[in-house]
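The data below hold one chain only, encoded as structure tokens and taken in the form predicted on its own.
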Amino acid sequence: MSIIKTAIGRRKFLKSSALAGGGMVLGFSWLASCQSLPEEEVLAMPKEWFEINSYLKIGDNGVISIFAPNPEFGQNVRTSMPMLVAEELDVDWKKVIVEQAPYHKEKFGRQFTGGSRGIMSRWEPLRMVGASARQMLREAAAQAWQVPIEEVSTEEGVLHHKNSGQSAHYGEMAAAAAKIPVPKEVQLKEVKDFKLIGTSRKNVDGKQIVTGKPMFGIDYQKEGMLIAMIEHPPAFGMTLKSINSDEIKTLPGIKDVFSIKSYKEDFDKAFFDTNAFPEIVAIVGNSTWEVLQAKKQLKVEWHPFEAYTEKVKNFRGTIDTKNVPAGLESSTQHNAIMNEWTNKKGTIARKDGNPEAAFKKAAKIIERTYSAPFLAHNCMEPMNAFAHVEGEKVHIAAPIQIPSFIVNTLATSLGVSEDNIQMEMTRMGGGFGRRAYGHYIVEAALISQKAKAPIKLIYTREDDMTNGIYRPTYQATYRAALDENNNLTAFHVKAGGIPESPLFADRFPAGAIDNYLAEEWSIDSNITIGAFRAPRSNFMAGAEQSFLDEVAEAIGQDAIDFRLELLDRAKQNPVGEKNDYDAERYAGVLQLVKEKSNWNQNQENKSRGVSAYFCHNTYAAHVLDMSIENGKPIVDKVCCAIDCGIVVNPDAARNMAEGAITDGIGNAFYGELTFKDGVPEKKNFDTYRMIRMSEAPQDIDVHFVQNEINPTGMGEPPFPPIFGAVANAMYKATGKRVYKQPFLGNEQVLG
């Protein structure tokens, strides 16, 4: 068994009478059993709760309540994270209730859902929570029965002393256990002893979701609450000049109209303080309908802003200088500037061997350029937030991926102490990185402060889609040098974008080729960008894997065998020391998908594409089968292989893979946001094409590599490689390579 120190987490085990009563918990449902049961069979609630630590309460009847610390937006951490606690606690899952933890830095640590690091970062800490509680319960039983603690065992929430025949369920010892100090170290189970981890458990919120129970931020209601909406500049590069507030205030149901600025002038921005329009107009009224009608009559003057430079603390804690140019940008201008970089030299990020000499000696050079447009997140639930600012006290309820990163901004903008901010985390109707940027919460709080009332801020779909924080537009040029025997002798990638580079210089095929060169570039823009499911990887994987397929064809090798040969070189005799992937695990997913897809068997009337990629510490490979019907590509099946270490909840992991694959196919075919004179040319789903249910793959077959490696990312890794699989299958189906996303464009928008 693994023995770990609990000292690193002991502050998170603070007792709290408020939490013990469940008084500050949003969305706690007495019917939220972890097993789907008819209401008449639901767990009986205890008469009294005993808090063992800040994550865990035990009722006098043996029912267990576990706090899910991280926000939830569909990846099922509200089920999987409590499973980690329950595993080490050794409790019957049927007796577990899950509560959403509120924001509380000291009790719950970094409550961050993003970067596919949820389970990975909580793997030991949450197991430690359960193991510590189990140890305290055993000690309480040992003291009560006057026996050595080593003789007290547990099984599904029951304590046993086999020698004397004594037993008690956890609830009977909970009061005594709550008084016992947290142990300084605990033993964690070996993988072979897991009973719960690795088994499929249904989403604890499943029934509430399908029956339409209020769980999301957009559902939040509070007595006396007013509705607020915003108006932001119509174009990037513009800011507020004036508004006709007096006229709007006379309209039915309208309480006030005013402008707000999200940040104080001297505020030091952090990475997630990105906001395209920090000065906006707010309209406050009694109802959504009345505010929406007033918004339509609002007359605002905007004017261009001057170029400026700002300092931003990045995700790693260092300071970046960001140049924000003036002007109204257009996609045609962007494309022209990016195309110029095809013939320019970028900044060298990595160089192995002598690639210049290898290209000069090459018998054949393959060169291809790939590009992708800006993308909008388009979460199903538009941005929204509830805020009530009463003097120094602030109450927030909002769908947010990273609550801890917005608290300092809130406190500074409102002029209050961070300790006075209470934040409930609602379920999110989609996140994908967009809800890591919490400017809409700051806006809601500032509106509440000025209106002196509780308010709910609601973005319209148009507000949301035109507000920035997009996936950037990218371009990458790849070159491969072949000798007279069709051997690959050199590889060159030059990648850049607006306003960031997507390059990962140390990823495959770096380390597998003697002569390798990676360059990058970027172009400043006033169009704001941010994390979009598998940032940067979501473009680079498609470009890289499409190019590798074309190189394999030129060499005359099978697409999978070509990749495996390169990976074998990286495993046996790697080039360089900075390669950020494990070649054996990478090859493992390719071998598994080759086997499970029956790669070497002809699929009648089907065209097949393969792609594999490493990101967020996980390896994923896809084989996609495509057919052509009435001139349109149809994805018939996707076979997927993933190595993400130990799979905590296979059903949930499979669901994430299926969602990522479907999402990726839709973006590959249709995703695109363009600009003209700073104005987004698509503002709602009538013009921004999304994948339809009828276009989703008819079959998605997901397989996991079985190992005992600690869990890694799952929400993002299956997304990037699907772009390459689609492109490679389209080539097989049509005989034409695709180099520019979207592959199909936006035809048949509603038809």
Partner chain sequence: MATFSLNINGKDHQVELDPNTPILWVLRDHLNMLGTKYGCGIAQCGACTIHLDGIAMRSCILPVSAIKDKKITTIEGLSENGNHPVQQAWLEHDVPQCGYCQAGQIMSAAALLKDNPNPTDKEIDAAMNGNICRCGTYSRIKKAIKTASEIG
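Model, not experiment: these values are computed from the prediction. Numbering follows the first chain given and starts at 1.
What comes next is about the form predicted together with its partner chain, which is not displayed.
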Thinking of M380, E658 and M690 as one candidate spot, does its partner chain come within 4.5 Å of a heavy atom in every one of them in the predicted complex?
yes
So in the predicted complex, does any heavy atom of I209 sit within 4.5 Å of its partner chain?
yes
Is there a heavy atom of F73 lying 4.5 Å or less from a heavy atom of its partner chain in the predicted complex?
yes
Is there a non-hydrogen atom of L566 within 4.5 angstroms of a non-hydrogen atom of its partner chain in the predicted complex?
no
Going by a heavy atom distance of 4.5 Å, is F532 a contact of its partner chain in the predicted complex?
yes
Testing 198-206, 242-250, 509-517, 478-486 against its partner chain in the predicted complex with a 4.5 Å heavy atom criterion leaves exactly one stretch, namely 198-206
State the residue from M81, A131, V623, M428 whose non-hydrogen atoms include one within 4.5 Å of its partner chain in the predicted complex.
M428
Students should find that, of E156, E151, E392, D219, the residue having a non-hydrogen atom no more than 4.5 angstroms from its partner chain in the predicted complex is D219
